[in-house]
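Coming up is one lone chain in structure tokens, specifically the form predicted alone.
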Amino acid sequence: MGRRRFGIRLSLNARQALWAYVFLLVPMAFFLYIRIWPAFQAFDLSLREWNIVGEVRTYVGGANYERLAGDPRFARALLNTLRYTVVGVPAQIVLGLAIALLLERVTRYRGLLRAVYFLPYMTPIVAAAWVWQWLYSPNFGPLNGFLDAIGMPAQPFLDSPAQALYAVTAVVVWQNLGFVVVIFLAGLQSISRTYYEAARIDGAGARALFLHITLPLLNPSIVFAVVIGTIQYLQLFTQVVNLNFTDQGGPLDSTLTIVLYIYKVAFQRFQMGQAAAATVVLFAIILSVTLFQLKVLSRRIEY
């Protein structure tokens, strides 16, 4: 009766599509409210002065960005984050690909080995960071015990401004490695065996198979792993905070990241406008780097 009253006649497919759109509106509205709306709020806040306690948000234009540009700690955080990304992403890509290639050749216990490599990724980041803090301990850590056993001097690791950043990067690589291995294993299993068989008939060796078949056809997996890994390193926070809990970002700001800088400015100095400006800068960096990587790395390979 309702359709007759309003004079609307919909086919079954149209009604199904209409209900699909109705159900899609709910998660879409949730996503816009949780993700997009705070982004606009952050941009608006970056143009204002607000100390989180008061209700007045005074418009100051680009003053927060000027203050950010003149802050040497922000420059240090930016440089550190870049170093984390440049060292960590290639390391976990190369190691992940090597382990995935080895696992693909294994016929027994492959599932068990894959689970062992994936286990660190499922471990809570805070728990893993505190365990690694103990491993890195200069006084009673097992790593220095091992170095002493083989006749090498003890290392300060997290207590050294020169070593701390790389010690943190090693932990992040260790934790992300299992995820990267799973991505590459899925990519390797999607490559048809007929390509390898045809190439072997033509006399191709192992190196040629890897360079001309495996690597090109693995491009979607490589792009995905690089983009996701880069975003993870640009947003690095939890490992840095918990590996050196009494001197977060230290020693001497040698492990300070952009996200940790934002946290300190917002919730220790209560300068919400400057923290929002740093958030907008980080968003712009992530967006620019992601678009650049997708443009440069993506290849459409057809055989």
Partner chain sequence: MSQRVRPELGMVLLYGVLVTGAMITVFPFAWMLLTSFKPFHEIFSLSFLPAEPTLENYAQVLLHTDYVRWYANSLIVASATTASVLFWDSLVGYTLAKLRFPGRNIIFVLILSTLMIPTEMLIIPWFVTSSELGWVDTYWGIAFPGIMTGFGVFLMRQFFQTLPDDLLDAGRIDGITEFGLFWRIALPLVRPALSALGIFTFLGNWNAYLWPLIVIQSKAMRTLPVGFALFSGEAGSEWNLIMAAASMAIVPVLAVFALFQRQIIEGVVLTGVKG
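Residue numbers count along the first chain shown, from 1. In this text, rigid core is short for the largest set of C-alphas that superpose within 1.5 Å between two forms. From a predicted model like this one, the values you see are computed outputs, not experimental measurements.
Keep in mind that the form predicted in complex with its partner chain is not shown, yet the notes after this line are about it.
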Would you kindly say which of 170, 135, 87, 217 lies with a heavy atom within 4.5 Å of its partner chain in the model of the complex? 135
Establish, in the model of the complex, whether 35, 106 and 238 all lie within 4.5 Å of its partner chain, using non-hydrogen atoms for the distance. yes
Residue-level question: is residue 289 within 4.5 Å of its partner chain in the model of the complex, judged on heavy atoms? no
Counting only non-hydrogen atoms and a 4.5 angstroms cut-off, does residue 61 reach its partner chain in the model of the complex? no
Report whether the minimum heavy atom distance between residue 166 and its partner chain in the model of the complex is within 4.5 Å. no
Though only this chain appears here, would residue 195 touch its partner chain in the model of the complex if you measure heavy atom gaps against 4.5 Å? no
Residues of 265-295 having any heavy atom within 4.5 Å of its partner chain in the model of the complex, listed in sequence order: 266, 267, 272, 275, 276, 279, 280, 282, 283, 286, 287
Flag for residue 269, CA shift 2 Å or larger between this form and the one not shown after aligning core: no
Residue 252: CA shift of at least 2 Å between this form and the one not shown after core fit? no
Taking 2 Å as the cut-off, check whether the CA of residue 43 shifts that much or more between this form and the one not shown after a rigid core fit. no
